[in-house]
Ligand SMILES: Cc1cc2nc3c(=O)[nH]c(=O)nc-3n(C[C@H](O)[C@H](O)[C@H](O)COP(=O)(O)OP(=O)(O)OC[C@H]3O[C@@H](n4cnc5c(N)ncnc54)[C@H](O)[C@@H]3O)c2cc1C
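First, one chain by itself in structure tokens, the form predicted on its own.
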């Protein structure tokens, strides 16, 4: 008998979600990540927005993703200390069309996609100005009622604590490795000073996933992104997120988190002056008056993982049946995480099929 049903490598959005999905089914889970903790620093804010890109495309299986994510957010908010700072801001997302082409794209999106009626609406230029006078001159805007800001550092740290306290997940924030045992068909898990066994191993290590040799055959692409945390010289009088060829997210009374760069060729995770310049330009394009009244608090870089079809990859290894992967969430990790975790958990537990567009089979020769 193994010590754990599953050992999950990675305690970011993917790893936490699959650990949650399995633990709620009564399965024992070992969570391993040397780079985080329950008090780890991290990105100050992230955006959950179903209208993606310059064409405001309705993102993949949005309703299912929101239906899976919202109950978790409710649980985490109840679990968090009532006096603690908020984990999320459900204040909506405005997408101003700062040029005519964006306006055409956004209006086309309203007709092209099957939007739930309560999710989205069009705002004319005068309505935008009344709604938020700081937004740049525009040709109207989309307003996403169900879009929201996640204070990512608080959210992830609370989620890690919730899994340990409420669901009994064994969490180890240290280096670990695994070895498949052919004779038993299980895995030996080596930590710094302990050894465990597990029936399954799930690699949910984000940008570190390609470093696991068993998954070198997957066409995973790394994209560096930088964001800047600003502070304004006085209180900002709105709560919603602004997204238009960049995003500006509210945090606290005077703070804005602005991003992001998409760097496909890079050498390291150092922040750069060029990225700061480009992000400052994004802020000026969205909120020109505010851009003159802010100072930089912090600049941070991270790495996203993507696949050729820009969707996550979940499923089994082509040779080791109980070795699985869950990665390549791209910029939609917060939105996709709980729903795609439920798909992977169903596949592991009950052998339910994984959608072809997500499965590892799409990369097999």
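Numbering follows the first chain given and starts at 1. Here the structure is a predicted model, which means the values were calculated and not measured.
One more form of this protein, predicted together with the ligand, exists but is not displayed; see below.
*Asks:* Out of 36, 65, 58, 323, which one falls within 4.5 Å of the ligand in the predicted complex, going by heavy atoms?
*Replies:* The residue from 36, 65, 58, 323 that makes the contact is 36.
*Asks:* Of the residues 29, 51, 314, 32, which one places a heavy atom within 4.5 Å of the ligand in the predicted complex?
*Replies:* Looking at the other structure, the residue within range turns out to be 32.
*Asks:* Counting only non-hydrogen atoms, choose the one of 110-118, 129-137, 201-209, 163-171 that falls within 4.5 Å of the ligand in the predicted complex.
*Replies:* In short, 201-209.
*Asks:* With a 4.5 Å heavy atom cut-off, would you call residue 244 a contact of the ligand in the predicted complex?
*Replies:* Judged by the heavy-atom cut-off of 4.5 Å, residue 244 is well away from the ligand in the predicted complex.
*Asks:* Is residue 44 near the ligand? Define near as a heavy atom within 4.5 Å, in the predicted complex.
*Replies:* So residue 44 does not count as contacting the ligand.
*Asks:* So in the predicted complex, does any heavy atom of residue 19 sit within 4.5 Å of the ligand?
*Replies:* No, residue 19 sits far enough from the ligand in the predicted complex that none of its heavy atoms falls within 4.5 Å.
*Asks:* Taking the shortest heavy atom distance, is residue 331 within 4.5 Å of the ligand in the predicted complex?
*Replies:* Residue 331: contacts the ligand in the predicted complex.
*Asks:* Looking at the ligand in the predicted complex, which residues in 134-159 have at least one heavy atom within 4.5 Å of it?
*Replies:* Heavy-atom contacts within 4.5 Å come from no residue here.
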